[in-house]
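Form predicted alone, single chain, as structure tokens, below.
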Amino acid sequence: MQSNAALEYDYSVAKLFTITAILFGFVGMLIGTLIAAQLAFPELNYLLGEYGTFSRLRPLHTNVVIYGFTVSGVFATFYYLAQRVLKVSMAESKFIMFIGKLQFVLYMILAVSMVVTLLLGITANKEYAQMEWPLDLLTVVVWVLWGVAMFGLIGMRREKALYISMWYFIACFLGVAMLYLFNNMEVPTALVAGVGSMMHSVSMYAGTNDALVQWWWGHNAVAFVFTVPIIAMIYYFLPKESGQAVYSYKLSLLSFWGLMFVYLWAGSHHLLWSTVPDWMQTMGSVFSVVLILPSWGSAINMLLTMKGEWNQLTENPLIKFMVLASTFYMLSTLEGPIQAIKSVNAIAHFTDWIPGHVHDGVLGWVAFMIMAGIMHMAPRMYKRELYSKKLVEAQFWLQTTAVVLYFTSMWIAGITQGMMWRAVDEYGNLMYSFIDTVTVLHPYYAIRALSGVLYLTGFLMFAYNIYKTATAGRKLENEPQFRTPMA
């Protein structure tokens, strides 16, 4: 084995997943911008026949952003930071390197197959679980390979203590593995009915049970894909970028175990006012409200890490991204529990306030953190200075404006919808038809489409900056210890 002094980290797998994160980020956000425009201008539904309709593109958008952009970002940052916090190089084990590259190849086959099948309308019709059973099996293989690489590196480590980021990555791996297996228990239609397709499948659960298992998965896909690994990222990248130690390690552990226990039982808040037993709905609401504590514990810990160093916000745009990501995380994890209160949910459910909540989390927390992580990693992976600080600053303000426009327009639209749907005259008759609400909301849909254009433009600036960094950035003699150098 190499000595610590001579340790050269191998970023070949991290680079591959970084490229796919950028690629899928662009595709997913482009589709998202198009379907936002379709809601404001319905004639855009007819550009590409059946392949261009909102109903065909919407699951493609969500899946490409979640399983393309976000999961690629998780894998990229893991293969980068795991080596560094464990003090071990992937180059030291031909087996681990083979596993990492095999995982990437199979992941790309899976991701492209997912895009093609969803575009063709081949779907299991379950939110965040639309892939049919052959792709589910391939997903399991890809995930197991990641686990082999993860625990292989942990087994080789020189650093005895596991840094908190590794705790969160392990939780991501175990949580998704358990939830995905249970929710995707399905049987090909041809085997159940004797007719139909072997490609199409039906769930092994029925009715209310199917809904419960689905949202046990659906909400925890948010927990273990959008939250847990992103916290892993910020616990590494914020201290590394700022040169500040994490404010409280005890708080990081307390928040970790709080998230692990509480998040798992909040999924039934998606099924309020349904046929799910009332006690289960109440449990989902209660656990959702309690979830504020560990969520804010993590976010406050991140913000207090910058205590006494707030001047870095004006000097370093990557710190801006990370601090604002933490702030959006706090906003999103307060808003979600509020929507899970039964009386609020009666107004919010099925309205545009829900995508408003989702997107201040995804665009403001998840995407900001992945982009900041990649911008921190790029100069260290390619040994070149980040190409343009001005581009990072412009990207930050453009995308921040986009996120604020998105969620404020959807808050207003959602609450307006909820109130109009419930409004009755003195005889108890509904005052407004459904189309009345659609007409009233048109300006807010147009604002959402505009915010999509702004955010996508910012993402293109980010992609260009990373490309130029890798190909034309000024070469670095020594790896920067903390702050990322930018031209």
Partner chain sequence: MFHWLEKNPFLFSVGVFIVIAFAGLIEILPNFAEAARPVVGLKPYTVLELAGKEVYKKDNCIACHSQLIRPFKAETDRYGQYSLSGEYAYDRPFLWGSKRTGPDLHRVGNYRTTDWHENHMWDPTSVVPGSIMPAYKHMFTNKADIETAYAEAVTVKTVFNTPYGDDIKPGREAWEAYKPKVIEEAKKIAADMKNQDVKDAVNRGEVPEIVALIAYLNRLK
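Note that the structure is a prediction, hence the values are computed from the model and not measured. Numbering follows the first chain given and starts at 1.
What follows is about the form predicted in complex with the partner chain, which we do not show.
Peer 1: Look at the stretches 100 to 108, 350 to 358, 386 to 394, 71 to 79 and give the one with heavy atoms within 4.5 Å of the partner chain in the predicted complex.
Peer 2: Every other range fails; the passing one is 350 to 358.
Peer 1: Only one of 265, 133, 180, 143 has a non-hydrogen atom within 4.5 angstroms of the partner chain in the predicted complex; which is it?
Peer 2: Contact residue from the list: 265.
Peer 1: In the predicted complex, which of the listed residues (170, 398, 138, 156) lies with a heavy atom within 4.5 Å of the partner chain?
Peer 2: Contact residue from the list: 170.
Peer 1: Against the partner chain in the predicted complex, would residue 318 count as a contact residue? Criterion: heavy atoms within 4.5 Å.
Peer 2: Residue 318 lies outside the contact set for the partner chain.
Peer 1: Even though the partner chain is not shown here, does residue 226 get within 4.5 Å of it in the predicted complex, heavy atoms only?
Peer 2: Output for residue 226 is no: heavy atoms all beyond 4.5 Å of the partner chain.
Peer 1: Would you please decide whether residue 261 lies within 4.5 angstroms of the partner chain in the predicted complex, comparing each non-hydrogen atom pair?
Peer 2: Within the cut-off, so yes.
Peer 1: Would residue 39 count as touching the partner chain in the predicted complex under a 4.5 Å heavy atom rule?
Peer 2: Because a heavy atom of residue 39 falls inside 4.5 Å of the partner chain in the predicted complex, the answer is yes.
Peer 1: Can you name the residues of 118 to 139 that have a heavy atom within 4.5 Å of the partner chain in the predicted complex?
Peer 2: Result: 120, 121, 123, 124, 125, 126, 127.
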